[in-house]
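Just one chain follows, in the form predicted alone, and it is written as structure tokens.
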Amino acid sequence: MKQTLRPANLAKRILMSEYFVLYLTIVYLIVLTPIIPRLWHPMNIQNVLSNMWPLLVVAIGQTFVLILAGIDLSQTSVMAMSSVVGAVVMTSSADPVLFTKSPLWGTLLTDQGGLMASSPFALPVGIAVMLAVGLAIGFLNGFSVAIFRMPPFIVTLVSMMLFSAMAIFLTKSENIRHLPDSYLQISKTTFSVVSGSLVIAIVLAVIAHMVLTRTLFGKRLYAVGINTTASQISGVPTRKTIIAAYMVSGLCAAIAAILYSSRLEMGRPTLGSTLFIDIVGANIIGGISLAGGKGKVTWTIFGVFFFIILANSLNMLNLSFYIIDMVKGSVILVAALLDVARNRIRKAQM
């Protein structure tokens, strides 16, 4: 009788393990290797890694908000807006034919470039402005949710629509090129693996992990996510915690915009417009609960890794984009169902 129970117990242990998604990814890679031998080609590995780091950065920001039982739909618009604003500051040249109708033309943008065109301070000022845009939009979102008690879905949906449209309006849907070489070097790889994006993503992941596990802010974040009312009664500054979490989300989205736009070599008003399903999907697959109060940076890393591998393998199979989206959506749904099952098992074990 005991022998028949062992496989079931093993399956339950694997399902309940916080490394479940990592195990799943390894199995997926093993199964996929004979089907797609090119999966391990150095060029494909480099492609997978270059796609992973920016997504990981923005997904970490979403993790902070999801732990609060919130959601940030505006991250993609933060990426677009900060990309455009940073490019306006740093560009050394702009085509009059493309930008004459832009409201920025003649003041912040000319044929001689942007505000800091050809200045040695173009890079630090441009990056500082991009980060400030992310923090400002995050603050607006957090302030609306915390002070006015507005639903996070509605607040961030409006922000997404507003700032996405603003980015397109300011540039008239045109990409801003001629960015400083020092900025473009951020995403350049050396030895086919190491890049500025990798270093930034790892440093940010370590900092986020330390914040969530070793600081008072991290403890407050989980407490508010589990029960906002009880946290408030216990003396937790719930409003400040919520605002700070959304500012972290906006900041991470701005950092991701730096990584993506340096890789694309342009400020793009539609940057990140198709990434939202990847951002939230990676978190859900990793095990971050939409109900709040549960989540780790390591889970986010596992979720992003699996999601990037999934997307890469589907592309290599030459599937249509709508089939790829159908598969992604199905995987996210299964991940959400698994999260429900795991929660029920935990409650049954208590």
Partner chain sequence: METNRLVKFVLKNSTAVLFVLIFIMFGLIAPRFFTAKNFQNIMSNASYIGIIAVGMTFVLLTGGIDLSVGSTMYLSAVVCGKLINEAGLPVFPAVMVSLLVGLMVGAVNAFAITRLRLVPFITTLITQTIARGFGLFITRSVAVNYPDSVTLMSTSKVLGFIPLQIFIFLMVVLLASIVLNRTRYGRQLYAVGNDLESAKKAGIKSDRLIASTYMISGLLAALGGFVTITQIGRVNAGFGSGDEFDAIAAAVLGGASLFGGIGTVFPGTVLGTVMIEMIQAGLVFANIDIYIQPIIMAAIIFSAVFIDSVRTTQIKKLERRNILKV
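Positions refer to the first chain, counted from 1. None of the values given here were measured: they were computed from a predicted structure.
Here the subject shifts to the form predicted in complex with its partner chain, a form of this protein not shown in this document.
Asks: 198-206, 119-127, 67-75, 83-91: which one contacts its partner chain in the predicted bound form at 4.5 Å, heavy atom to heavy atom?
Replies: Stretch 67-75 is the one.
Asks: I'd like to check something about residue 151: if you look in the predicted bound form, is any of its heavy atoms closer than or equal to 4.5 Å to a heavy atom of its partner chain?
Replies: Result yes; residue 151 sits at the interface with its partner chain in the predicted bound form.
Asks: Residue 136: heavy atom within 4.5 Å of its partner chain in the predicted bound form?
Replies: The answer is no: residue 136 has no heavy atom within 4.5 Å of its partner chain.
Asks: Given that its partner chain is not shown alongside this chain, does residue 166 nevertheless sit within 4.5 Å of it in the predicted bound form, heavy atom to heavy atom?
Replies: So residue 166 counts as contacting its partner chain.
Asks: Is residue 110 near its partner chain? Define near as a heavy atom within 4.5 Å, in the predicted bound form.
Replies: Flag for residue 110 set to no.
Asks: Checking a candidate spot here: are 144, 280 and 285 all in contact with its partner chain in the predicted bound form (at least one heavy atom each within 4.5 Å)?
Replies: Checked in the predicted bound form: all three residues contact its partner chain.
Asks: For 155-173: residues with a non-hydrogen atom within 4.5 angstroms of its partner chain in the predicted bound form?
Replies: Counting only heavy atoms within 4.5 Å of its partner chain in the predicted bound form, the contacting residues of 155-173 are 157, 158, 161, 162, 165, 166, 168, 169, 172, 173.
Asks: Looking in the predicted bound form, are the Cα atoms of residue 335 and residue 28 closer together or farther apart than here, the change being 3 Å or more?
Replies: Note: Cα gap between residue 335 and residue 28 shrinks in the predicted bound form.
Asks: With a shift of at least 3 angstroms, figure out whether the C-alpha spacing between residue 157 and residue 336 grows or shrinks in the predicted bound form: closer or farther?
Replies: More distant in the predicted bound form, by 3 Å or more.
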